[in-house]
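We begin with a single chain expressed as structure tokens, specifically the form predicted on its own.
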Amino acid sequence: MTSTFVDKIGAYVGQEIEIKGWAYNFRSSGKIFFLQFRDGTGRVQVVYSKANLSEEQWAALESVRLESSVVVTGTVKPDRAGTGFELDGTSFRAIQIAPDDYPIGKKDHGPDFLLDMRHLWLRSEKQWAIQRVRNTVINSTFAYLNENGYIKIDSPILTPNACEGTTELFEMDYFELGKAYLSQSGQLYLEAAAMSVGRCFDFGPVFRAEKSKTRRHLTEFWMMDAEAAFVEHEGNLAIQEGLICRIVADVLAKNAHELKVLERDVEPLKKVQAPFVRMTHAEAVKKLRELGSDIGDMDDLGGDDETILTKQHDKPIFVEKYPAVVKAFYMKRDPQDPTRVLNADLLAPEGYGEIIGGSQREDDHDALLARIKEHALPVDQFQWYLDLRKYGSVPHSGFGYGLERIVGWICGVQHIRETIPFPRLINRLTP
């Protein structure tokens, strides 16, 4: 007998198969038992007739409770709705019968309760769907970057200094060497690696001690940073545009069922095609004021501003050339206007806001040294970073994306705590 997975049963119509997983629901009419089964790859109904099972197996079947682990066998046939498959059950075995007190019921539960039960809530169909979309986003990112000449470089999580100051970093004592920080980005290290391998990226957890409770913030999240030698501002935007188009196309192709489970309207996602909308920071400020914002000429865009802008367009928006005073020390100044930098934030449509931040990096040693001093950063700790501008400096650019924000947008989820398996918030460290 073939042992397989739910997502493969379509290849075995008319054949008897075995599948292993969990009972997520069930009902019985006395002589007929309907078992709702899941195995991680999908869900299927198994229909058992009492006449076809031994007394021992029928008794075991009737003892099933929510989330019991089971092994079922049955003959695959089209389901009654004609939209999928089901099994005519021929055998049943319980691996472990769960107690009759599964804490998550059909009633509505509050977010705090579901976060307390996150270890079990992950089994719900919508959470299952989100994690599968997340997996596609990750795989699509790796594929696109590899195809465009990037290799993966692993940057450290423990760092002696920060990319943009230490006010939002988790600090720790590091043996006899003083203070260390949990990384907020691998960018600076990737810049060093790019001078070796040309194009590179990292992908891993990063940490922000920002005391924010918005729907867009976590204290621990996953970030992809990419850096490339001999790529300038316009080329940097083109790479980002291609990446997002590829990710969305892959999710639409591979996760149609998951998006349906999430009740995600896919029509907006189908419109995510190049070219994206482009506007300067100055143009964005002017537009925002017309729409009622009180943003200042030299202000960074806030979350509300991003939401307002992205509801005006059905494609992602590049907002470029921000004021230098609100951006990081390493961003290269715009030669046409030295008060601005050659950067861009990519805003996702439908009110989701920033998903990527990137810039051309300052490649001139003396200019970078001046910026470090202007930002009151310790020059000695950045000497290795300055060395990159002393020995074979070249124009180079990079960007970083927040995985959870991209997944939240694609899935249509309002709070990114739903897009990571075990969210860490300023008021949550468990489970």
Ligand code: 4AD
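Just so we're clear, the structure is a prediction, and the values are computed from it rather than from any experiment. Start at 1 with the first residue shown and count on from there.
The same protein has a further form, the form predicted in complex with this ligand, not shown here; the description that follows concerns it.
Taking the partner from elsewhere, G358 is found to have a heavy atom lying within 4.5 Å of this ligand in the predicted bound form. For the chain shown alone, M223 is a contact residue for this ligand in the predicted bound form, at least one non-hydrogen atom being within 4.5 angstroms. Under a 4.5 angstroms non-hydrogen atom cutoff, this ligand in the predicted bound form has L218 among its neighbouring residues.
Contact check for I9: every heavy atom lies farther than 4.5 Å from this ligand in the predicted bound form. Proximity to this ligand in the predicted bound form, defined as a heavy atom within 4.5 Å, holds among H396, R38, R389, R405 only for R405. In terms of contact with this ligand in the predicted bound form, the residue from E350, D304, E210, D250 that brings a heavy atom within 4.5 Å is E210. Only one of 125-133, 178-186, 333-341, 287-295 lies within 4.5 Å of this ligand in the predicted bound form by heavy atoms, and it is 178-186.
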